[in-house]
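Laid out below as structure tokens are two forms of one and the same protein chain, each shown alone and named structure 1 and structure 2.
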Structure 1
């Protein structure tokens, strides 16, 4: 059997988003960022730890019927900085772009510091500076390095 015979074949989606070049093993975190837990009826395809020339191993997520917002892409870039976003319409790629890590993310992460002004009943959106080793709350200087998806604000 040749390598071509062993390739995974996943059907094309009519409309939606394909997130490619996610670091191997991170697809479930991507789903968490997108708020996809299997209960909403979203049609989702996930391929994990696929061979990749660029990453060694990669994950791919296809979400039918949904185009990602810029806020979602910004947060996604924190755990999948090499990801490529493909917008699909009528089975064709109409937009393809690599994610870019923003310098700041606003209103998408919850500060783990219970004393931070953003976690109280104040009308203050969270604001995190993005660094190479994590994100830092610009109000209380708390740094989040691990388990970023657990700090995503519920919509």
Structure 2
């Protein structure tokens, strides 16, 4: 593999965020959880199933023109606990962040209980408390243990 190939797959960004060490196959879920769908016009590049010493296979996401906040980064812990975040300014890494599990995630997941008030047309965001082995809806107490990406709210 030449340097040029590498270049094509994931080009360097000037200003923005590089999310590295995402578990292989989770990149699109990372974009969904961050609400990045390309409509803002910023360039987004995704590399999936890259070889990784730590993870076997990893995904990498680069978002041009947007610096993720710590809150946004923390939400990623639900699906990409090993992710590392590099904030880039003028092609240089100016800050590295690790994801930390937040105590609560707001407006990210959809409650699977169809009789939960947060699934109705009401002016309320979903709120899930994050526990050791799952997340719990703060409105109806429903617990999600498995397959969190399937519950990410469509924008």
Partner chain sequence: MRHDHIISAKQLSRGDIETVLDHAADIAADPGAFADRHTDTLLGMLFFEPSTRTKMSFTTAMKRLGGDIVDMGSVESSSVKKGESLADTVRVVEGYTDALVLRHPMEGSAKMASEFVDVPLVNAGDGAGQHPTQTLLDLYTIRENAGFDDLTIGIMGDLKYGRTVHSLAHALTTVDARQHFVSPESLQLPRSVRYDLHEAGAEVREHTDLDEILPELDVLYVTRIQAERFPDESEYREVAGQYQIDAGTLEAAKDDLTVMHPLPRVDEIAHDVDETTHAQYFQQAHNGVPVRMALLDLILGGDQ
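Positions refer to the first chain, counted from 1. Source: prediction; values computed, not measured. Think of the rigid core as the biggest set of C-alphas that the two forms share within 1.5 Å after superposition.
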### Summary
Here the form predicted together with the partner chain is displayed as structure 2
### Task
Looking at the change between the two structures, work out which of 96, 29, 63, 127 is at the hinge joining the two rigid parts.
96
### Message
So the chain behaves as two rigid parts; what rotation angle in ° separates the smaller part's two orientations between the two structures?
### Response
25
### Message
Looking at residue 122, what is the CA displacement between the two structures after core superposition, in angstrom?
### Response
8.6
### Message
Rigid core superposed: how many angstrom does the CA of residue 109 shift between the two structures?
### Response
4.0
### Query
After superposition on the rigid core, what is the displacement of the C-alpha atom of residue 146 between the two structures, in Å?
3.6
